[in-house]
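Only one chain is included here, represented as structure tokens and corresponding to the form predicted alone.
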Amino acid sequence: MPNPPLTLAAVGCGSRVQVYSALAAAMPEHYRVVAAADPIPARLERVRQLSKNPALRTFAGDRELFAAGKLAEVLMIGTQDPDHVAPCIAAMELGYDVLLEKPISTNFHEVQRLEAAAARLGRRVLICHVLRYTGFYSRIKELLEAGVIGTVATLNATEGVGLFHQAHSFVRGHWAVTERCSPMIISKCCHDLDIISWLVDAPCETVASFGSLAHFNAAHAPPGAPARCTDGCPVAATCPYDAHRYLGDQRAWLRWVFDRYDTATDDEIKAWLTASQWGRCVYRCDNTAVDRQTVNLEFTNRVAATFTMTAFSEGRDLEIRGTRGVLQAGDAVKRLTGHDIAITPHDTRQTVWHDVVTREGEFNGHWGGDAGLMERLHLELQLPNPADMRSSLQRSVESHAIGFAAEESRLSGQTVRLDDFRRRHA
């Protein structure tokens, strides 16, 4: 007989939990969302609708949900970054396995504390490193394992955050002030560091990083620009960051910060922008997140890798050079050739193209990974060894170590050895 649907509960019912609740409802043979906790009633009602469960039990917060006992088999945690570890440990103590939004925590000590707690309690924690579940990166992993470019020698990866994404999330938004959340190399790029670690398939030894916040500051404010876009700006018509674009071509970003994004009138959104942090001029905010950063990595198998994060382009690109050929992939390859992945052997110089079917309608850049994760979640949780889950907590600790070490290197100007870093933060 088939297994009964896996029951899911949720803490923090913002955009990510809403996405997973809708995906769970589309797979009723595998999942049923039975409980949710959030201080905002509108979010609870949205999860009720998305989960297609009129009997959904709702709670004002995680403490109230936990006080009711264990209500499901798996808890989805979609709270803000500083509030991941405490509810995760509390959930495991009640017997939940956990689907935890990335990053794991805002500091590496807490990452290690959670890893130790999961081992002590014998619970499974799957991190939402959804890029591992995309057809795109899964295909690249298969090609590397098949040896089509021989032994990997170097890897270069780039993430272009995009101008408005940078402004929305890392200048005006939740991750703008790193002292209150995570450094950007963690909050935005732990996805990318995780993929690099997965593709290289060896522990990282050494990290060096450089970067800064150089553009989004008062020195670059246009003459006459007010503190808020809604106060009337002389360059609004040509500014790529003008907050009035939330009423037009950038309206989709409202879904992550405005609970009534799909029903509010333009006048209501304008009124919200006059008081909201998302109505501020990007050159007159309190942001401290970098707008550019590079990370240099050396792994135990002697692969040398570089990663570049920049606000001033859009999309992910990848180039891997091996002893028998070169793999190139990502947004630039797609724009220029119409194909997803190019393999060029050193001997023939004849490029072979590989294309990947991706899902429409998902958050830009995840390429179907959210659905891919949910399709596999019930199978991942059945694996005998929790560490073998594709994005297990145990595996994800590596990319977080790399990211936090990179930030330490950026701030200190020193190269950081990962084994030393781990010992110092134990």
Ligand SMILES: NC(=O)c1ccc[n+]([C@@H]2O[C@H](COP(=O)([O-])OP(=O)(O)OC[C@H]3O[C@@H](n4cnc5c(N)ncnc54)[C@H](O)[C@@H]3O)[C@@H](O)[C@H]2O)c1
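Start at 1 with the first residue shown and count on from there. Everything quoted here is computed from the prediction, not taken from an experiment.
What comes next is about the form predicted in complex with this ligand, which does not appear here.
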Exercise. Would residue 183 show up as a contact with this ligand in the model of the complex if we use heavy atoms at 4.5 Å?
Worked result: no
Exercise. Using 4.5 Å between non-hydrogen atoms, is residue 43 touching this ligand in the model of the complex?
Worked result: yes
Problem set entry | in the model of the complex, residue 128 touching this ligand (heavy atom, 4.5 Å) | yes
Exercise. Heavy atom to heavy atom, is residue 81 within 4.5 Å of this ligand in the model of the complex?
Worked result: yes
Exercise. Can you pick the stretch from 374-382, 387-395, 55-63, 23-31 whose heavy atoms fall within 4.5 Å of this ligand in the model of the complex?
Worked result: 55-63
Exercise. Only one of 101, 97, 291, 194 has a non-hydrogen atom within 4.5 angstroms of this ligand in the model of the complex; which is it?
Worked result: 101
Problem set entry | Contact check for 12, 38 and 174 against this ligand in the model of the complex, heavy atom at 4.5 Å | yes
Exercise. Within 250-287, which residues have a heavy atom closer than or equal to 4.5 Å from this ligand in the model of the complex?
Worked result: 256
